[in-house]
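Just the one chain here, laid out as structure tokens, in the form predicted on its own.
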Amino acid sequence: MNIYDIAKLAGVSIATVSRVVNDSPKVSEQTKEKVRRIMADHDYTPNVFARGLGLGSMNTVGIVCPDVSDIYMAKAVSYLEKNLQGYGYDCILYCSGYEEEDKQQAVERILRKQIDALIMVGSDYTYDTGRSDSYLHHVAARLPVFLINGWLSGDNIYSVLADDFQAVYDAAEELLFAGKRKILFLSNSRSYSAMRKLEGYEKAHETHGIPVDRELILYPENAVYAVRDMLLRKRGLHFDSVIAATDELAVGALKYLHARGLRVPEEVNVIGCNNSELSICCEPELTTIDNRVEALCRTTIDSVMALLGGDAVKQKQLIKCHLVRRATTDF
């Protein structure tokens, strides 16, 4: 039995339970009596988290990301920290890497600290949305878990996501309207976000009655020269456009096209994703999907603070993406 179970049985928020624990005058005597009776019936002993919610004694949020050297992750952590500071909160950061065991160990280590909530940055923490035994469900029994660009159903788990499906669907549809019929799709993972992008790519083809060529769906390493070299090795691969799940992958495709002497955008259109600095460091400058990481992080922190303040928060919030048109497309 934990604070979330007590809150559910009493029909109140976890913040209300913590206020009862701390005998806050903000809670009516009737509600206090109801909550205390449920706590007594279930032999519930308040822990530091329950007390801390009411007293505001911790004011710290844990952040876990796979790799802070990644451009997207670095931006996200920077925005998260800035927004937390605006609320007078501190953060503790752990980098978990990408291996499943390492991710779980990072979460276990950060949970040893006194944190009010946990934020997981990136969709690599949610591959299988149907798993009921995910370690994140066990974490959510102790404190709120917020996923940035990942989705996992469960109590006390909240997601703020870029609408990757719609963004890639719209980009693919632009190419199809422009007469492109051989769209290469590059992705570096099978994470939640990556799979939504792939679904958008496939749905656009279906909508236009065009079969998806599975040979045009490739999974190279997320590195510029790795993409270039892989494409150079694939003799006989023909495509008239590219949608890449990251800007790194898209720039790798540009390197390949340059090596082959193919003109961009006259012969091949290229679209990346993330609107990172890489998109303006290449020639020609890259058309890319802006997944609005700043808005994702701001919405996440606002939601964390609302929840800790006792307000209701949606479990899933979608942020609309924008296509930034530059010189690698001509539609």
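Don't overthink the numbering: it's just position in the shown sequence, from 1. Since we're looking at a predicted model, the values are computed, not measured.
One more form of this protein should be noted, the form predicted together with another copy of the chain, which is absent from this view; the next part is about it.
Undergrad: Which one, 105-113, 150-158, 232-240, 210-218, holds residues whose non-hydrogen atoms are within 4.5 Å of another copy of the chain in the predicted complex?
TA: Stretch with heavy atoms near the partner: 105-113.
Undergrad: Just one of Asp302, Asp41, Glu33, Glu285 has a heavy atom within 4.5 Å of another copy of the chain in the predicted complex. Which one?
TA: Exactly one listed residue reaches within 4.5 Å, namely Glu285.
Undergrad: Identify which of Arg181, Arg190, His258, His138 has a heavy atom within 4.5 Å of another copy of the chain in the predicted complex; exactly one of them does.
TA: Flagged contact: His258.
Undergrad: Does Glu29 reach another copy of the chain in the predicted complex if we count a contact as any heavy atom within 4.5 Å?
TA: No.
Undergrad: So in the predicted complex, does Tyr94 come within 4.5 Å of another copy of the chain, heavy atom to heavy atom?
TA: It does: once another copy of the chain is placed as it appears in the predicted complex, Tyr94 has a heavy atom within 4.5 Å of it.
Undergrad: Given that the partner is absent here, does Leu118 sit within 4.5 Å of another copy of the chain in the predicted complex, heavy atoms only?
TA: Answer no; every heavy atom of Leu118 is more than 4.5 Å from another copy of the chain in the predicted complex.
Undergrad: Given that the partner is absent here, does Glu277 sit within 4.5 Å of another copy of the chain in the predicted complex, heavy atoms only?
TA: Judged by the heavy-atom cut-off of 4.5 Å, Glu277 is in contact with another copy of the chain in the predicted complex.
Undergrad: In the predicted complex, which residues of 196-224 put a heavy atom within 4.5 Å of another copy of the chain?
TA: Residue within 4.5 Å: Val224 only.
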